[in-house]
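Just one chain is shown here, as structure tokens, and it is the form predicted alone.
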């Protein structure tokens, strides 16, 4: 009697494949290197969720693609084999299995994502109204957002208290409650730039914030939809014309990082970029002191201007009429340079 060929039990093969898939999936999900540096308190929440999705996705990829490769070799056409394949009508148990498992995974990821969104302040119902608060000894508040004719007008003033309710965005987390942010900055998106207005009325084209402090951005758009995206912070918020959205975060590292528009907003959408500069608190205060707003003669708008960057003509222009000096006489003056 011929000796039967010994084979490895199917259960053992399945168990071995499952262990290998699990090890590879957890390893790649944890150390995939796909995300940039974390620079905010909100970033770890998003990154942990991303690692779970990558782990699940890697496992599914290995199982599905592995089954396809196995089928290519196992059921390939042999030479001189012109017979039909065996008639297989289906497997009810297998169909239930491959429907139930993805359903459980999707529901689990959905619940996890909602929890992350809530912990980042997405469902906040308190602290989502901008009111007058004190910072650096000056009462400030969010004023009406200017229209297209006054892009450079200050968005923050010391006028009477006014409330602006935010309908969309990431507000205070449940732990923050009704605490006011340390710094509140108005952000306006327009084709194709970002403008940042600080509590003292200063307007700049780049965003400066102190490290370790709670910051709230009040975001709007002048013309079309834009999207304010901070990749290293793992946060993004639409800028909507006629609406004010909120983005609240706390930086954890100093440095310079990109600000990107993530919404197709026109022909030069790709160039609508700026940068956020995170500084130590004392460096931030020094930057604010060195960039006080300077009044311009064409209206009530203010701009940020470093004193060392102004020419003598720019410095004397506001006083020319008062002193009886012809403005044309001082126009050729250039700033003095020192070696």
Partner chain sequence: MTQAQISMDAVSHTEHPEAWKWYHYFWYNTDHKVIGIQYLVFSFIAYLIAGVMALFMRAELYTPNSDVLDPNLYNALLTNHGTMMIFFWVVPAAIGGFGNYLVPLMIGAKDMAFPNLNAIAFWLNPPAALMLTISLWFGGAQSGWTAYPPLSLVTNNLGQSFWALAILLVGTSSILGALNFLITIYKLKIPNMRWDQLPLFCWAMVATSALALFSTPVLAAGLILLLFDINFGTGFFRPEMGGNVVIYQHLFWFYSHPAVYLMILPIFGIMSEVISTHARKPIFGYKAIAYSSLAICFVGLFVWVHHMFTSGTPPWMRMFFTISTLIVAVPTGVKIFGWVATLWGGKIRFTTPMLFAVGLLAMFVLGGLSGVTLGTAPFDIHVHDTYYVVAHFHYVLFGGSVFGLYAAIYHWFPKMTGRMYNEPLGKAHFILTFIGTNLTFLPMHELGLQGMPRRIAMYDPQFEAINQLCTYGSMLLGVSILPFLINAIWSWGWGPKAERNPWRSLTLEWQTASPPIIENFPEDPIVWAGPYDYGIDTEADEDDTTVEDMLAEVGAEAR
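Values in this document were obtained by computation on a predicted structure and should not be read as measured data. Residue numbers count along the first chain shown, from 1.
Omitted from view is the form predicted in complex with its partner chain, to which the following refers.
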property	result
Partner-facing stretch of 180-188, 248-256, 79-87, 212-220, counted where any non-hydrogen atom is within 4.5 angstroms of its partner chain in the predicted complex	79-87
Residue 70, heavy atom within 4.5 angstroms of its partner chain in the predicted complex	yes
4.5 Å heavy atom contact, residue 46 and its partner chain in the predicted complex	yes
Any non-hydrogen atom of residue 201 within 4.5 angstroms of its partner chain in the predicted complex	no
Residue 243, heavy atom within 4.5 angstroms of its partner chain in the predicted complex	yes
Partner contacts in the predicted complex for 260-274 (non-hydrogen atom within 4.5 angstroms of its partner chain)	260, 261, 262, 263, 264, 265, 266, 267, 268, 269, 270, 271, 273
